[in-house]
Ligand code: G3D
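The chain below stands alone and is given as structure tokens, in the form predicted alone.
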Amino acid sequence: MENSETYRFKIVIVGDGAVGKTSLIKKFTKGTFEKDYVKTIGAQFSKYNKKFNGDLIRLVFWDIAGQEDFNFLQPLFYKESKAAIIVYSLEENTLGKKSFTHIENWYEVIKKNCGDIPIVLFANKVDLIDENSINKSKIKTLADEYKFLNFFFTSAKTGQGVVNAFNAIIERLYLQFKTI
């Protein structure tokens, strides 16, 4: 282990309010899920360490509030981010429909504040719908159009897809910066 290195990555997580950003982070970092919704004020920070190929990866997740009240703080929150996650809800209601149409807005905010960083799309709350009803080609087309690293169907409640989704972006960052 004498040749092991430490990597530090800041990852911003964005999306409309109530789509499950905080819950996804808690599921990945702590393995927990709280069913009661608590609105994020401004931003929350979560640290997580992970061993990968003998190296230590130190992650800081910046969970950015989805409410427009906090837009004035965005430039500070995004500074020095190495990757981003956009979360939207698969719920078949107003929240789900609006959060899907707002993906483009979140993409533009990331590009404006972070430049060209890897972005992953999380289609969250898959446990609340019939998976067979998902228009996967629509989501894939969107992911291809914006050149997202990938997209994943996730559930903060059941854990479905959460580890794979987070690990995809962590692995990408590790491989990108390991070669520098």
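All of these numbers come straight from a predicted model, not from anything done at the bench. Sequential numbering from 1, following the sequence displayed.
FYI, the form predicted together with the named molecule isn't displayed, but the following is about it.
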Check whether Leu128 has any heavy atom within 4.5 Å of a heavy atom of the named molecule in the predicted bound form, and answer yes or no.
-> yes
Close approach of Val163 to the named molecule in the predicted bound form, 4.5 Å, heavy atom | no
Does any heavy atom of Ala168 come within 4.5 Å of a heavy atom of the named molecule in the predicted bound form?
-> no
In the predicted bound form, does Lys157 have a heavy atom within 4.5 Å of the named molecule?
-> yes
For the chain shown here without its partner, which stretch in 144-152, 53-61, 117-125, 131-139 has non-hydrogen atoms within 4.5 angstroms of the named molecule in the predicted bound form?
-> 117-125
Stretch 10-33 - residues with a heavy atom within 4.5 Å of the named molecule in the predicted bound form = Asp16, Gly17, Ala18, Val19, Gly20, Lys21, Thr22, Ser23
